[in-house]
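A single chain comes next, written as C-alpha cells; it is the form predicted alone.
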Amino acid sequence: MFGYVRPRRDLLAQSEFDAYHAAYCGLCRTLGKQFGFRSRFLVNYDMTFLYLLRTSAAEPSGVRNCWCPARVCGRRACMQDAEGFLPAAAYTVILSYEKLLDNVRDESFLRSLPFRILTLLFRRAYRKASKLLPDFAALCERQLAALQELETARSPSIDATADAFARIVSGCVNDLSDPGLRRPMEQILYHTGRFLFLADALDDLKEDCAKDAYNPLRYRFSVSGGALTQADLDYLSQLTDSSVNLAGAALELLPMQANRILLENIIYYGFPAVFFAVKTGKFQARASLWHNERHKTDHTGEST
C-alpha cells in the first residue's frame, strides 16, 4: 500500500523538488546504514512524507553530496539528519515487513513464495526496527489482526476497514513526547491513512474481483466488470476529499519551521491528483511521470 503519497512536481520550484529528493535520498541512506544495504530497496514516497512531517517543527537540515549506489559513477544531494531519519527508517522497515506478511496471507502458497523469501531476507532488519519501536510493532499486529477479522467476515464497511489501517499510519508519531506536535500529526497521518486505504482499494478493485479476493468496495457498492458506477466513484471522491480537508486543517495547527511548501503541496495537490489518476485508471501509467517529468495538470489532476 505504498506509492500513493506524491508531490505535484509541476507546482514546485526546482529548489523545492530538489529538497524533497534530498530527503528521499537521506531516508534511503539511513535505511542502508542502520538496517543493511538491502533495506534501501524499501525506501518510498510515503515514508519520505512521514519524515518531512515529523521534522516540520525543527530547523531545516543541511544537504551534502553522498555516494548513491543507484548511480555507478555519481553522487546525489542527500539531506543530513541522522536523528530525524532513524525513526522514519525504522517505521519504513516495520510497515514494509508487515506488508510482506499480509501478501503471504493473501496469496496461495505458490504465489506467496516470493514474499516468503523476502520476509526471510528482511527479518533481521525487522527485528532491529521492532526493538527500536516495540509499541508500534505491537500496534501493527493488533490492527492487522482487526483487518483480518473484517476481511474474513467480508465486511462491507468502508469506515471500519479504513479506520483499522489509518490507526496504524497515525501511530507513526506515537514516539513523539510533545503533545502539541503529536496530536495534529496524528490527525494528519490518520486521514492520510484513510486516503491510502481508499486509493489502494480502488486501484486494486478490478484485480481483486478477478481473483475473488476481499475488497470492501466489492461489498459496499455495485461493481460491474471490476468497476464502480459514476455515482459510487463520486461518493468515494467525497470521502477522499474529506480526508484531504481534515489533514490540511490539522496541518495548519503545526508550528512549522521547515517543509511547509512540500507538505502543503503533497496534501492539497498531490492527494487529489493521485486519486484522480487512480479513478481514471491512469495511475500506474503516470507513476514515473510524477517522479521524472514536469507535466502540466489542472486542479483535478487532468492533463492540460
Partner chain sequence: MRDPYEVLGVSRTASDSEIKTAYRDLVKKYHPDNYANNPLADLASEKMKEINEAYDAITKSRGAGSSYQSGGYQSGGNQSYSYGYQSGGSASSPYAQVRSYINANQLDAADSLLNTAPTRDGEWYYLKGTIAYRRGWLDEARQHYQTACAMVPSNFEYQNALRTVQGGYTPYRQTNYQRSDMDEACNLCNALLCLNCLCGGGGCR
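No experiment lies behind these values; they were computed from the predicted model shown. Residue numbers count along the first chain shown, from 1.
Keep in mind that the form predicted in complex with the partner chain is missing from the display, and what follows is about it.
Legend entry - Contacting member of Arg105, Arg183, Arg111, Arg127, with respect to the partner chain in the model of the complex [4.5 Å, heavy atom]: Going through each option in turn, the one that passes is Arg183.
Inset, instruction - Classify Phe41 as contacting or not contacting the partner chain in the model of the complex by the rule of any non-hydrogen atom within 4.5 angstroms, answering yes or no. - result: So Phe41 does not count as contacting the partner chain.
Legend entry - Any non-hydrogen atom of Phe276 within 4.5 angstroms of the partner chain in the model of the complex: No, Phe276 is distant from the partner.
Legend entry - the partner chain contact at Ala58 in the model of the complex, heavy atom, 4.5 Å: Contact with the partner chain, no.
Legend entry - Interface membership of Gln148, the partner chain in the model of the complex, 4.5 Å heavy atom rule: Outside the cut-off, so no.
Inset, instruction - With the partner chain left out here, work out from 117-125, 83-91, 152-160, 203-211 which stretch has heavy atoms within 4.5 Å of it in the model of the complex. - result: Contact-bearing stretch, as computed: 152-160.
Inset, instruction - Give a yes or no on whether each residue among Ser15, Phe37 and Ala70 has a heavy atom within 4.5 Å of the partner chain in the model of the complex. - result: No, the candidate spot makes no contact with the partner chain.
Inset, instruction - Scan 179-199 and write down, in order along the chain, each residue with a heavy atom lying within 4.5 Å of the partner chain in the model of the complex. - result: The stretch touches the partner through Arg183, Pro184, Gln187, Tyr190, His191, Arg194.
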